[in-house]
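First comes one chain, alone, set out as structure tokens in the form predicted on its own.
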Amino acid sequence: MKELLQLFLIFAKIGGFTFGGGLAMLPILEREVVQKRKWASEEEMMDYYAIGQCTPGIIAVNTATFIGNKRKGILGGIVATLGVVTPSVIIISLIAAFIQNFQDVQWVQWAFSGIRPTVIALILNATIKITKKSLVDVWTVLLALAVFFLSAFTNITPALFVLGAGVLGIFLKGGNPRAAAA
């Protein structure tokens, strides 16, 4: 029961102090889950994060579910997920109740003009960290560049990029999948 409470509180902290979406949460996830508590290795965290980004739903919720499930099974996944969403539900509900009263206030607009570039910097930091760990050879660099340009200039669904990259990874890194299974 103590570890379930800890899961809830840690993910509530992550959910309450992560602004800017999924990529912005990567630094705090690494600090809290990998470095402080050793609940996952850096490689596991990258895998959870990648899967969380590729599956339907919010990256933060998916990642919390994976880590909670690893720690305490299905109940742990549920508790960690509730932890990460609870602060957002409370904050969004409060903002929704009062935003009409404050959206035209000058200092609120100034605050948001300061928050936006900060969120960009946090996302860029997370992107750089993921890049260092993911682009390990010429094939991964070429694949990343190809997906970047295709996603920027076409309307191909991201799911096809992920599926194609997974298949390509099997053949480029794993060689013959039939031989590996034997």
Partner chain sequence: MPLLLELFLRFFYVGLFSVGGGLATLPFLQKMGEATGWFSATQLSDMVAVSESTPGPLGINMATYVGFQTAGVPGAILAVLGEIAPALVIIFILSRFLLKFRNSKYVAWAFYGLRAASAGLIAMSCMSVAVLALFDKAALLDGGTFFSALNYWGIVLTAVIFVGLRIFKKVHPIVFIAIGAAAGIGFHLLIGG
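Positions refer to the first chain, counted from 1. Given the structure is predicted, the values throughout are model-derived calculations rather than measurements.
What comes next is about the form predicted together with its partner chain, which does not appear here.
A residue is said to contact a partner when one of its heavy atoms sits within 4.5 Å of a partner heavy atom; I170 meets this definition for its partner chain in the predicted complex.
In the predicted complex, its partner chain stays beyond 4.5 Å of every heavy atom belonging to N155. Although the partner is absent here, I92 sits close enough that one of its heavy atoms falls within 4.5 Å of its partner chain in the predicted complex.
Contact annotation: V105 falls outside 4.5 Å of its partner chain in the predicted complex, judged by heavy atom distances.
Residues of 114-130 placing a heavy atom within 4.5 Å of its partner chain in the predicted complex, in sequence order: G114, I115, R116, P117, T118, I120, A121, L122, I123, L124, N125, T127, I128. Relative to the shown form, the Cα atoms of C54 and L124 move apart by 3 Å or more in the predicted complex. CA of L143 to CA of E42: closer by 3 Å or more in the predicted complex than in the shown form.
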